[in-house]
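Consider the single chain below, provided in structure tokens and representing the form predicted alone.
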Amino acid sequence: MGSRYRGVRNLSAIEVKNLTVRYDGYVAIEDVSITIDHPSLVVVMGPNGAGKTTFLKALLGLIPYNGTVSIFGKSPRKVRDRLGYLPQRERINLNVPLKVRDVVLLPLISRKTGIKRYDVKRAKEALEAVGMVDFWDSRFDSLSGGQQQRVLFARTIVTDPDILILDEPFSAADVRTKLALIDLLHKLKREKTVIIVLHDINPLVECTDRVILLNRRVLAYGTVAEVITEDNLEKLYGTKIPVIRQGPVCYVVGGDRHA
């Protein structure tokens, strides 16, 4: 199935109004209201415990929340087949002798009975996009951590989702994997909406459309030039962080901050 929204511009992919999530009385995120356009790439930044993963799970409809989340005008659960999610720590049972092809085909198997020739073609295309098609018959547990991450990314895009929601996809990635995924994200954002949690925005700063600074509440939301300022980062992380500006592009000195 191809993207329903390919080639569409100036469309709201996600509308969030007064989003609040509580866990046993603890407020994880509070009164978040934003609109994300399609297609675009939006980076979510914030310290540990800021509610970034909670925010992503609310967008996916995986947790209860107060407020409104609308994905292409519908509730998240009604458009889940248009969403691709890569969690921060993907759980693959390494005791099961899965091959790379099994991992990538899994989302397609769940949609119908049996595997068709077209499913195999899509799985190989997804692996080719991340530079892992030559590992089609390899055992998943025999791969390096970076290679496993690329396979999991291929699994995330194999259904051709309109929206990709990625939770720190570079955290366990080696340099080669990081560069491969960055290059792919530059291409994907032309047709898809990508919401990605990062601690270091620098690798994607030139293709980022909007940045959300989140610490339970939205401290700032806008373009890189508007949001990535020394004052905003100090409010977010509680410490001074230098920012270098080169025209409309801003680079954070000493990225990869967790707190």
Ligand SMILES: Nc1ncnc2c1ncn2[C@@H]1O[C@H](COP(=O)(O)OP(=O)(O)OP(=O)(O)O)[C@@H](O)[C@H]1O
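Numbering starts at 1 and runs along the sequence shown. Only a predicted model underlies this, so the values are computations on that prediction, with no experimental measurement involved.
Form predicted in complex with the named molecule: not shown, discussed below.
A single residue from the set 32, 194, 50, 227 has any heavy atom within 4.5 angstroms of the named molecule in the model of the complex; that residue is 50.
Among heavy atoms of residue 142, none comes within 4.5 Å of the named molecule in the model of the complex. In the model of the complex, at least one heavy atom of residue 54 sits within 4.5 Å of the named molecule. Contact annotation: residue 168 falls within 4.5 Å of the named molecule in the model of the complex, judged by heavy atom distances. In the model of the complex, no heavy atom of residue 75 sits within 4.5 Å of the named molecule.
The three residues 23, 28 and 199 all sit with a heavy atom within 4.5 Å of the named molecule in the model of the complex.
Contact annotation: the named molecule lies within 4.5 Å of heavy atoms from the stretch 41 to 49 in the model of the complex, the single such stretch among 41 to 49, 186 to 194, 219 to 227, 203 to 211. Of all the residues from 139 to 164, none has a non-hydrogen atom no more than 4.5 Å from the named molecule in the model of the complex.
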